[in-house]
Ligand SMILES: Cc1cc2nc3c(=O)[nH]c(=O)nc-3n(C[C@H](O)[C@H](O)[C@H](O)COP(=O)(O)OP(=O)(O)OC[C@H]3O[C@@H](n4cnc5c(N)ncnc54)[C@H](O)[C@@H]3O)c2cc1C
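Take a look at this single chain, the form predicted on its own, given in structure tokens.
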């Protein structure tokens, strides 16, 4: 049987790999993507969930990166209004840290650098009055309120993958690349292995895209057999979740004496998310987890700004990821560039493009930059389409075919069509699936039609939908990545879900 031949073989199914796959297949390239774990299961699920310009990056003069990111906030809100929403942040002024004039100047630049259209601008606020004073320690009087956006990070990956697949890409989750060797006629012979079954397959590709994130250097060295040109700087970012510290919907961005900043963000209704840390991480990215020192650090910083003490015993959940930053030689982890770098190696007529760095906010622009290098290397695709550069910023991601500001209308419409849904469940389904919620609920006439409820309103119908359409296989995929329902589920409920998934997997194998 002849090997399948693709224009691109993408190694890595995080946000960069899936974003490149979507853009490339939309422009007419044939695409194969493999990911050794769950799609978006590593760095792309461990972000602070923010689409932001990066206010502190202005201090490092990264104006191009900040401008690009500021523009992307509203672009991504426009194409995914179900998983993206605006947030208001409060930046308190603290004596002895960055002076008030510097904060005002930074926020003035922040407001005007990125062509803001929909998001409201900065306000000067009094932190000892009204809702702003809720929970804060006494002595904080002056603050500045500004806008950024929130994104459900794993769902952003999944939606890019769904769109890429629906446009013709092959998306092979839980399939690791074991070797990539130059082919005598040009391009690559790529061998993959399905995790769990050990089944191996071989494909041909004209070009390899290395989107391995923290594993990018090892992919070049161990899989492609070449000397890496760029270097990954592994920076650990950890977050903690505690019972909510205040009732209003504002977020805080707190300064610390070590130069770092930490966010506190209302999270999943009942909690506050606190993060992130920045420290070099020398170990295997697969084994990263929040350390006791990081948990203590985040608790201490939050305690210094709120009128109640936050203790490690209050922490109900932690998550941690390794940011694969480009090693620019910066002395401190928080000073390392968040910009992306693309390294092209064309030796032996077998080109490989490696992605270093980047942030979730600018993944779409990173993909466009990668496509420029791909077009220069491979030429225009044989299968020309009507889609040109920039199309990914105009075409809605799956489920996002409504306008920003119409979220409530979609919830009301879903409740009208499925009256048995509670307001809470209808809101969550629109937040998670957008207009694809109608596909999920198709045929249901009453709540019993949705099957077993595993806990936290997670039904058998929704689980089956994620397994069938979103590459979900494990309980963690469903309740801690594609959603955060695990925070509201008991161990017994999650165990029952795991048992169901094992049975479902067995049925699929025997079918």
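Note that the structure is a prediction, hence the values are computed from the model and not measured. Positions refer to the first chain, counted from 1.
The same protein also exists as the form predicted in complex with the ligand; that form is not shown, yet it is the one meant from here on.
For the residues 351, 434, 214, 143, the 4.5 Å heavy atom test against the ligand in the predicted bound form is passed only by 214. 323 is the sole member of 323, 82, 364, 155 with a non-hydrogen atom lying within 4.5 angstroms of the ligand in the predicted bound form.
Heavy atoms within 4.5 Å of the ligand in the predicted bound form map, among the stretches 393-401, 300-308, 90-98, 234-242, onto 234-242 alone. In the predicted bound form, at least one heavy atom of residue 276 sits within 4.5 Å of the ligand. Within this chain, residue 36 lines the site of the ligand in the predicted bound form, having a heavy atom no more than 4.5 Å away. When contacts are judged by a 4.5 Å heavy atom cut-off, residue 359 counts as touching the ligand in the predicted bound form. The ligand is not drawn, but in the predicted bound form it has no heavy atom within 4.5 Å of residue 9. Annotation for 44-69: interface residues with the ligand in the predicted bound form are 44, 46, 47, 48, 49, 50, 52 [heavy atom within 4.5 Å].
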